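Here's a solo chain for you in structure tokens, the form predicted on its own.
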């Protein structure tokens, strides 16, 4: 079997919830041995986050947790105990990477700040993914993806004009910028260590990769002095652009006419007679000026049309369009299926379920996913392999509330 890119790398994973767990999942799917340190005394909140398999709650039944923690091992160590902290230090001393997404004070409280870890493992790659970094006046604030999106202005840009912000519907910071930036920074640090023998400290404030998504709005302000505002499904130049309801129950199509050449094809496909739109709609500026009138005409024109068939027809004529897909549609999307995106893994409690594959595909060393771990599933074997504990000592530590 081909070795994966990160085979031989061991990660002590203190991450929980979304972004941190997704970051270490990317490493695990790429071959790293990721040991997730968690505890039944303070559960990873995602273990208690729906959807649950068959709607039945349980720490090993969350689809969200399973998808974000593939290919890992789970040990339960109560980090509030001095014995638990000592075990964690022994595990880190044998690791290449230690990762956490706590506020800065948490790892220091455990005696596991970067400065302390470096004393007994100078080659460590230490990844800290707190919300706002380890310096600055707001360093100790706790937050999650939705908090971060609001904090950096994302929610200021999402919503319908003259109405309250609505957010993005999902926590982009958790799923896109933060885990991927952190994963690639970690890989770069591992490469640096391989070449120089020196470890690194990666202090990634999760607000900052998220700010990077706002490039155009930031530039609009710094260059033009203009504060971007929410414009719903509209565009500052393109029109028509929006989401329009089609025939059927909750069926919608997204359409954007992005240049003057697309306009004649668009009117032909929708069978819009010239009498229904002003002459100036032949230009981008004219269409945008008349966008509200156009939206009303289009809403009527597409109301009885099949969304998928209409999208196909528009695409064939060079007009950007797409049916608004449901989760079921995405699962059966021919392109995703053809690329092997969905991976089905068998789980002791959830049975065979679908998981996202990695967001990249390596041709020679493609990722290999295994199912997410049950809570504490590997505690005993990790204690034997890396901590030199025998069953009697493991039983004692369990009874004392350390390995729980």
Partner chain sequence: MSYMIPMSSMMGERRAPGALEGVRVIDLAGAAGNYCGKMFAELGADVILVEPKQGSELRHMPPFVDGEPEQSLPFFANNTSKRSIVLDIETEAARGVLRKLLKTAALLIESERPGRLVELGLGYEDLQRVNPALVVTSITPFGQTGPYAAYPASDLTCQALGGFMSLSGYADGPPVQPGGDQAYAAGNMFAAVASLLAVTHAELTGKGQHVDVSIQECVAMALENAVQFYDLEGTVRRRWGGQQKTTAYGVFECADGYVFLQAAGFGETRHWQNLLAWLKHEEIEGVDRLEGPAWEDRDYFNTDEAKQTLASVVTPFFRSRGKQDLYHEAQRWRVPFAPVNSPREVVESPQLKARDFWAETPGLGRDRVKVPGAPYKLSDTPWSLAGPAPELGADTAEILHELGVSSDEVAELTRQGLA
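Throughout, rigid core stands for the largest set of C-alpha atoms superposing within 1.5 Å between the two forms. As the structure is a computational prediction, the values presented were derived from the model and not from experiment. Numbering follows the first chain given and starts at 1.
If you look for the form predicted in complex with the partner chain, you will not find it shown, but the lines that follow are about it.
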Partner-proximal stretch of 265-273, 297-305, 184-192, 80-88 relative to the partner chain in the model of the complex, 4.5 angstroms, heavy atom: 184-192
Partner-contacting position among 171, 95, 76, 100 - heavy atom within 4.5 Å of the partner chain in the model of the complex: 171
Residue-level contact is defined here as any heavy atom of the residue lying within 4.5 Å of the partner chain in the model of the complex; does residue 17 satisfy this criterion? yes
Quick one: does residue 260 come within 4.5 Å of the partner chain in the model of the complex, counting heavy atoms only? no
Residue 226 versus the partner chain, in the model of the complex: is there a non-hydrogen atom within 4.5 Å? yes
In the model of the complex, does residue 110 have a heavy atom within 4.5 Å of the partner chain? no
The partner chain in the model of the complex - contacting residues of 332-364, heavy atom within 4.5 Å: 333, 334, 335, 336, 338, 339, 341, 342, 344, 350, 353, 354, 355, 356, 357, 358, 359, 360, 361, 362, 363, 364
Note yes or no: does the Cα of residue 162 move by 2 Å or more between the shown form and the other one after the core is superposed? yes
Would you say residue 318 moves its Cα by 2 Å or more between the shown form and the other one, aligning on the core? yes
Does residue 239 shift between the shown form and the other one by 2 angstroms or more at the C-alpha, the core having been superposed? yes
